[in-house]
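Here's a solo chain for you in structure tokens, the form predicted alone.
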């Protein structure tokens, strides 16, 4: 009976190895397309405040540069600075004007400073505001912020929402 011999491929010891890069090129193309689709082209960076539950919307419009205000169930902030306290879904009496209960004095003062210190910026000239507001707050509280902002020379207000159903 004859023994079987093990198959040994005929390999030259000093030959070069040819790399097939077609699969790797396909993989990088897929990664590039995925990254381009998920890349945000918006000029505005919006970071939701901690503990703030934003409402959902079907709108897909991108925000433009504006003064950022956030209104949670506990505080009103301009940028990162807290300017008023919110309790029981309303502002404290000391933050409201005596004769006009819709007028928030600290918000007006801060927006007035921004308007006076940055008159050359486009979003200040046009009076644009981006408002992040908790979805549990009543409209009356939001209306006070909108009213005060318009009185301070910022009538264009956009509400930030999550894209959803």
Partner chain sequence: MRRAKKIKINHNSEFDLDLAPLLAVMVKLVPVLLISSAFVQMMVIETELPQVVSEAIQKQENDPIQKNITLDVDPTQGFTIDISQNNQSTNENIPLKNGLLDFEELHKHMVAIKKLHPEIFKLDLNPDAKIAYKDIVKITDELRQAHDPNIKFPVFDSKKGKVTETPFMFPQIIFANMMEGTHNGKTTSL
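Every value quoted in this text rests on a predicted model; they were computed, and no experiment measured them. Residue numbers count along the first chain shown, from 1. For the two forms, the rigid core is made up of the largest set of C-alpha atoms that agree within 1.5 Å on superposition.
One more form of this protein exists, namely the form predicted together with the partner chain; it is left out here, but the text below deals with it.
K.L.:
Flag residue 54 as yes or no: does it have a non-hydrogen atom within 4.5 angstroms of any non-hydrogen atom of the partner chain in the predicted bound form?
P.N.:
Yes, residue 54 is a contact residue.
K.L.:
For residue 119, is any heavy atom within 4.5 Å of the partner chain in the predicted bound form, or not?
P.N.:
Residue 119: no contact with the partner chain in the predicted bound form.
K.L.:
Does any heavy atom of residue 137 come within 4.5 Å of a heavy atom of the partner chain in the predicted bound form?
P.N.:
Output for residue 137 is yes: heavy atoms within 4.5 Å of the partner chain.
K.L.:
Closest heavy atom of residue 100 to the partner chain in the predicted bound form, within 4.5 Å or not?
P.N.:
Looking in the predicted bound form, residue contacts with the partner chain include residue 100, since a heavy atom lies within 4.5 Å.
K.L.:
Superpose the two forms on their rigid core, then report whether the C-alpha of residue 120 is displaced by 2 angstroms or more between the shown form and the other one.
P.N.:
No, residue 120 moves less than 2 Å.
K.L.:
Once everything's superposed on the core, is residue 59 shifted 2 Å or more at the Cα between the shown form and the other one?
P.N.:
After core superposition, the displacement of the residue 59 C-alpha between the shown form and the other one stays below 2 Å, so no.
K.L.:
Answer yes if the CA of residue 98 moves 2 Å or more between the shown form and the other one after aligning the rigid core, and no otherwise.
P.N.:
It does not reach a 2 Å shift.
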